[in-house]
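Presented below, as structure tokens, is a lone chain in the form predicted on its own.
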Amino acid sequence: MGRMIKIIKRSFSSWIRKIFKKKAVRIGIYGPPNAGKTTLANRIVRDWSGDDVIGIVSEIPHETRRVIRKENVRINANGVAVTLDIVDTPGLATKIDFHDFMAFGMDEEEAKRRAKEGTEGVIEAIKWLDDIDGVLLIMDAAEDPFTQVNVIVVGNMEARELPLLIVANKIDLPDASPARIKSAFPQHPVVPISALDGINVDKLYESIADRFG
């Protein structure tokens, strides 16, 4: 019953947008920690709005611990224009251990605080799934995609019937293999990019316009 209510709610929201010709599509950027979600969000905002970054990027996991939003980002690619409300979400994880943060030089108190905030961020990210129209799921192309987090996330979004585009990020790394991600999740389109270097992002914008426009 709960799932049915959510589907009806999402369909109703989509219908309202069409009635009032509101063309903004709310896109959630999801994925595990350090996959490059905020790096991609920053690139999209810089490329299409002219604004500066919307979030801080670092090598420390769970740098983004609260949802960050940027509204009315208009993308025009391959002859199709689409206005996005971007929702950059904290990294999804099944476990957040404060010891992992101490490896980056944090003292125990700070590490525990960050682990608590990271856990709260995961909960907030999941709640946002009820209020978005589609998902960019970011995966690190240099890592094994057959992880518990990725399988759970893809299954959850399929159950919610959310349009999904998988972004195989970090193809600038020598061990990157977008084909490995495609093999793991053949039922979804996969776009290989480097959000950091801008490699193939034009193809991603075309895919976003085609998928969500």
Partner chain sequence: MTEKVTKTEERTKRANGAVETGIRIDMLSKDHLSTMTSMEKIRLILDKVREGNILILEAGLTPDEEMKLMELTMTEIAPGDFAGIEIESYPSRRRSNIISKLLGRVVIETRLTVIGPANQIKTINKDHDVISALVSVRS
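Residue numbers count along the first chain shown, from 1. Just so it is clear, the structure is predicted and the values come from calculations on it, not from any experiment.
What follows is about the form predicted in complex with its partner chain, which we do not show.
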Q. Of 177-185, 163-171, 63-71, 38-46, which is the one stretch near its partner chain in the predicted complex, taking non-hydrogen atoms within 4.5 angstroms as near?
A. 177-185
Q | All of 96, 146 and 152 within 4.5 Å of its partner chain in the predicted complex, heavy atom check | A | yes
Q: Tell me, yes or no, whether residue 126 is in contact with its partner chain in the predicted complex, where a contact means a heavy atom of each within 4.5 Å.
A: yes
Q.
So in the predicted complex, is its partner chain close enough to residue 76 to count as touching (4.5 Å, heavy atoms)?
A. no
Q.
So, residue 158 and its partner chain: in the predicted complex, are they within 4.5 Å at any heavy atom pair?
A. yes
Q) Within a 4.5 Å heavy atom cut-off, is residue 92 in contact with its partner chain in the predicted complex? A) yes
**Q.** its partner chain: the contacting residue among 132, 122, 82, 106 in the predicted complex [heavy atom, 4.5 Å]
**A.** 122
